[in-house]
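Here we start with a single chain on its own, the form predicted on its own, put down as structure tokens.
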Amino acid sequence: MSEPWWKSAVVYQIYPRSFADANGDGVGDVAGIRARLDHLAWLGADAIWISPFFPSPMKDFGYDVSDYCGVDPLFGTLDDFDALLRDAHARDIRVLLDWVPNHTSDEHPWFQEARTARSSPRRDWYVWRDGGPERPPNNWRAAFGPPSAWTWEEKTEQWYLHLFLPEQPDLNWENPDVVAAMHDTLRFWLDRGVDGFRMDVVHCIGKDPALPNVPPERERIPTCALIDDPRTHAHLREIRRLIDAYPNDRVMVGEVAMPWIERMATYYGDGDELHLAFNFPHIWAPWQAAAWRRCIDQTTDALAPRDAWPTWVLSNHDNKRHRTRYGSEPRARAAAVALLGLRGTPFLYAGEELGLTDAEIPEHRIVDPGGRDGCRAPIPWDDTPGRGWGPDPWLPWPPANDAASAAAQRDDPGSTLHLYRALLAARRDSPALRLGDMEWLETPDDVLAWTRRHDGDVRAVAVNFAAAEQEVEIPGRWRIERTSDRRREGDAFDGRLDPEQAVLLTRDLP
């Protein structure tokens, strides 16, 4: 049997508010995504993951859902989405949606009904506990907003649980009616033709009904990063059966937002839970060879017993862009070569292919409760005054946005945009890069190098993390296919790596 598409795909994340604005109101929208599909096809993306565009009060910018089966008017209409899906599929681009199963908005009709009275038919759709207003039921800590993960409702004299904002009450997945209703939201989009879901903090849906206190040594960590309850695995197996009942390899990608790779690996189950799980320790690793090696080895060791497929990511909507974290363009470009040379499914974040850095956000423009505005700055598409947007986008532009625009970089063969396009093309043309095994090579301390092999196709990747030239010996004869700085491509590889340079090599047969 052929491998499922998601194993060899490159997935491109779109944060819709910040991607492209079709109606000139300064906020990205579904029609804007549709208008930029040719950019994604030219780049070579195989799939897009779209962060939430569902109806929402936008307290957490879409991750507080008030209707799982619609499109917020800010972003357009269901007809706009259907047109986007149709046009994406016509370009062989698959579409994943961002499903938020742990919590709803407090403005969702389910919660509005639940909070009216203890006797409400939907009261048990959420997590409520008795007590007094002076002391929460336990010491759980919210990720955003007030420290406690509990809010007191004076009207019914109970606490409700919210692992995030008070406006994001947690659903009670122990209630079979909740399970059935949430399964129906998946079917709604699957029946329209979506190719799968990225599932927000999906590891949190199962909770110990006793809701025990967090140990004192972890009390200051947001509880969402600590929840790891076996009930979740049964829920994931049910969702997997639902997803697998649809044709064409629909996919479940889980956000398992905990810092322990060995625990993240358990959410693959025995091939019957998540297809893919995000791997976060790598996104937090510094620009150091040893740190990268440690993350890659830990991931490989954790997933190998389950025959599970890894994911790799450098940037996303919740973390500083990797160009900002690493501190320079050469490092960011070298990291791109490394990312796209690893064994697993890479996820790109919109604007990463332009080498964008985080925007500087003045205090009066801060809007995000989690302090993530900088990495969510709008994508500059061209050098017009509006950069392809309306006159006043919802967040300030990233630095150097004229030179960083997609139009300017498309005209520059040496740009970061052309580097990403070349890397995606190389990956698409190489069975070894898409699906091959990975084997480390002996290198100096500041260098990582490995080979990829599949069905007679062989590639090698070498990354110099040092600010000085390095020499690396890779047995055999090799030709330079791609370099992070686009120099010496096509030359025979002589073992020399320029400072903070990465190379993709192909076997140079005699």
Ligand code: NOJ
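The numbering used is simple: start at 1 and walk along the sequence shown. Owing to the predicted nature of the structure, the values given are computational and were not obtained by experimental measurement.
Omitted from view is the form predicted together with the ligand, to which the following refers.
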Though the ligand is not shown, can you say which of Phe144, Phe111, Trp394, Tyr160 has a heavy atom within 4.5 Å of it in the model of the complex? Phe144
Heavy atom within 4.5 Å of the ligand in the model of the complex: which of Asp80, Asp358, Asp200, Asp106? Asp200
When the contact criterion is heavy atoms within 4.5 Å, does Arg94 count as touching the ligand in the model of the complex? no
In the model of the complex, is there a heavy atom of the ligand that lies within 4.5 Å of any heavy atom of Arg343, even though the partner is absent here? no
Within a 4.5 Å heavy atom cut-off, is Tyr126 in contact with the ligand in the model of the complex? no
Asp318 near the ligand in the model of the complex, any heavy atom under 4.5 Å? yes
Within 4.5 Å of the ligand in the model of the complex - does that hold for a heavy atom of every one of Gln168, Glu255 and Arg372? yes
Options 208-216, 145-153, 296-304, 160-168; stretch whose heavy atom lies within 4.5 Å of the ligand in the model of the complex: 160-168
If you apply a 4.5 angstroms heavy atom cut-off, which residues in 270-284 are near the ligand in the model of the complex? none
